[in-house]
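A lone chain, given as structure tokens: the form predicted alone.
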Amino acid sequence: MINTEQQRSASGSSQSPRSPSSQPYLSVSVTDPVKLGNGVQAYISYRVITKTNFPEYQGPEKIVIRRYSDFVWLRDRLFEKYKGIFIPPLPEKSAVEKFRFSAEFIEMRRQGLDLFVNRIASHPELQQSEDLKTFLQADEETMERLRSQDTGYFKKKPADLMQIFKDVQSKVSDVVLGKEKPVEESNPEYEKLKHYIFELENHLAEAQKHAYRLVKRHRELGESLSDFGKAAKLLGACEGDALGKAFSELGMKSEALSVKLQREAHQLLMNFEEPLKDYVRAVQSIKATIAERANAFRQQCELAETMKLKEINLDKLMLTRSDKVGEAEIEYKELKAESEDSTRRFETIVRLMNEEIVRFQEQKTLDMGIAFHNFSKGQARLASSIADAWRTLLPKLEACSSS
């Protein structure tokens, strides 16, 4: 994943605690992962350090202990309350037991959680959330109680958000006055946005797949060079002076290059593959918001149609001077108010999504620029190191071959 501090400074997402007190800041650090418990009950805890001058917080600095499920609680709460806003994605949870507590996975998870909470803390709307304040300040017992009470969207719904989206769009409302009213929103700009998001997910996933292969290739080449280096040194030990020395140096160079390849593989994983994977998850979060928009549009249409039926029924009752007119008028007014609320909710989602996609595009351009720059710089550095290492050996190997 892109280095968190590098991304924060690039995006200007949070002020430093050393900033002038007149400037509001909210900075969060996720640090010190520690394994607790044993077996299936084992988990990683993190120190979450908050530094802020926001008056609604308890003080300038607060340190709490959190676990992954606490971050899930925060994500779910924000998704339920902030319709239309793209909630930042969480790093994935390893399903493979042997990788759950590897140092590399734990560090990737820590960086991902740090990025997740700082994206929230830097968002103009989300940073005002009461749930964020709770997450950053409540004691562990309070968080445990809140987690046990919560059943968020991502727990109740299927994991495949694309299927949710298709299910919502496939529903058709009842026929009213002989006219069918489709629940799918027909808006050229919205259709263009959906097409872009689905295409982006496919392309990002493909790029991430090949980035994974690059990491794997670097690691395998590093392991092969290490094995070859050991064999070359053993060969050098049983040969004569000049040839033996050349083989020994060849072995040492191979082992040194092996270390560089392994180091570059780790950098490639953290600074290139993980940012791509993070944006795949970000797009999935956007698709969840698209599904919520489709659901809000459907509800708005259904309420509007029901209101038409109530209006027709009310007119009939008024014409017949039925004694049920009063009751029908109350029902109609209540339904009209509900319909108006539904329309406002939908319009708010549309407005927020329009703002969010602009913010997303700007941040994506910045983050992908950093990721691809890191990739290119790392590959150039590695290629130069490999070329220099082999170049220094050439005169000695040529001397052996000529003799």
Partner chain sequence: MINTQRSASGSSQSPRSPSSQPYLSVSVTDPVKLGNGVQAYISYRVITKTNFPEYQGPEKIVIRRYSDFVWLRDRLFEKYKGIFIPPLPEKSAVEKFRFSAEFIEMRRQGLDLFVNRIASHPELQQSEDLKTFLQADEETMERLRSQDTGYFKKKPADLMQIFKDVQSKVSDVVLGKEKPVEESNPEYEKLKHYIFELENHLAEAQKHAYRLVKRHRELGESLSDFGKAAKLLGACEGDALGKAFSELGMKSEALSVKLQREAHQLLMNFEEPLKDYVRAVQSIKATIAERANAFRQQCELAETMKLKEINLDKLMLTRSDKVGEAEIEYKELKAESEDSTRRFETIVRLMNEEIVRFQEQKTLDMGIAFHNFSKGQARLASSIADAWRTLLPKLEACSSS
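Definition used throughout: the rigid core is the maximal C-alpha set that superposes within 1.5 Å between two forms. Since the structure is predicted, the reported quantities are computational estimates derived from the model, not experimental observations. Residue numbers count along the first chain shown, from 1.
One more form of this protein exists, namely the form predicted in complex with its partner chain; it is left out here, but the text below deals with it.
A.B. asks: With the partner absent here, would 218, 238 and 391 each sit within 4.5 Å of its partner chain in the model of the complex, counting heavy atoms only?
C.D. replies: Verified in the model of the complex; spot residues all in contact, yes.
A.B. asks: Among 332 to 340, 363 to 371, 29 to 37, 52 to 60, which stretch sits within 4.5 Å of its partner chain in the model of the complex, heavy atoms only?
C.D. replies: Selected range: 363 to 371.
A.B. asks: Exactly one of 145, 321, 93, 213 has a non-hydrogen atom within 4.5 Å of its partner chain in the model of the complex; which residue is it?
C.D. replies: When its partner chain is considered in the model of the complex, the option within 4.5 Å is 213.
A.B. asks: If the cut-off is 4.5 angstroms on heavy atoms, which of these, 328, 243, 193, 309, is the one near its partner chain in the model of the complex?
C.D. replies: Spelling it out, the residue with a heavy atom inside the cut-off is 243.
A.B. asks: Is residue 281 a contact residue for its partner chain in the model of the complex, using a 4.5 Å heavy atom cut-off?
C.D. replies: Result no; residue 281 lies far from its partner chain in the model of the complex.
A.B. asks: Using a 4.5 angstroms cut-off on non-hydrogen atoms, would residue 286 count as touching its partner chain in the model of the complex?
C.D. replies: Contact with its partner chain, no.
A.B. asks: So, in the model of the complex, is residue 46 in contact with its partner chain at a 4.5 angstroms heavy atom limit?
C.D. replies: Residue 46: no contact with its partner chain in the model of the complex.
A.B. asks: So, in the model of the complex, is residue 86 in contact with its partner chain at a 4.5 angstroms heavy atom limit?
C.D. replies: No, residue 86 sits far enough from its partner chain in the model of the complex that none of its heavy atoms falls within 4.5 Å.
A.B. asks: If you look in the model of the complex, which residues in 198 to 233 sit within 4.5 Å of its partner chain (heavy atoms)?
C.D. replies: Stretch hits, in order: 199, 200, 203, 204, 206, 207, 210, 211, 213, 214, 217, 218, 220, 221, 224, 225, 227, 228, 231.
A.B. asks: Once the core is aligned, does residue 243 move its Cα by at least 2 Å between the shown form and the other one?
C.D. replies: Yes; that C-alpha moves by at least 2 Å between the shown form and the other one.
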